[in-house]
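To begin, one chain is listed below as structure tokens, in the form predicted on its own.
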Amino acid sequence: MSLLTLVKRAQNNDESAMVEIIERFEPKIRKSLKFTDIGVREDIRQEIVFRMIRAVKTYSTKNCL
């Protein structure tokens, strides 16, 4: 399923679509967090996920195919 389709579904309160979006980006998030202090790593990961959710919910799909 395309990322755009998942975003549209997540914007319609499809929780499984939001989970799939987060899971798709999880490896990149974890890789980037390897360079952070282990004591704050989980806090930063949670903040990234929170901001991803907010970005998905506010993203405009009007001009997308």
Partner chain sequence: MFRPTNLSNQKFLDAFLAQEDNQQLCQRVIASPDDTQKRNDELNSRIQEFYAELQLIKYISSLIRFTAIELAVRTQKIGKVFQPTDEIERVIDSFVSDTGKSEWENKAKWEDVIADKRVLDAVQTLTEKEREILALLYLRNLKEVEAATLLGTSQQAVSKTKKRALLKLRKQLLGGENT
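In this text the structure is predicted, and so the values were computed from the model without any measurement. Positions refer to the first chain, counted from 1.
What comes next is about the form predicted together with its partner chain, which is not displayed.
In the predicted complex, its partner chain sits within 4.5 Å of a heavy atom belonging to residue 55. Using a 4.5 Å cutoff between non-hydrogen atoms, residue 47 counts as a contact of its partner chain in the predicted complex. Its partner chain in the predicted complex is not approached by residue 38, whose heavy atoms all lie more than 4.5 angstroms from it. Interface residues of 25-39, taken as those with a heavy atom within 4.5 Å of its partner chain in the predicted complex (partner not displayed): 25, 28, 29, 32, 35, 36, in sequence order.
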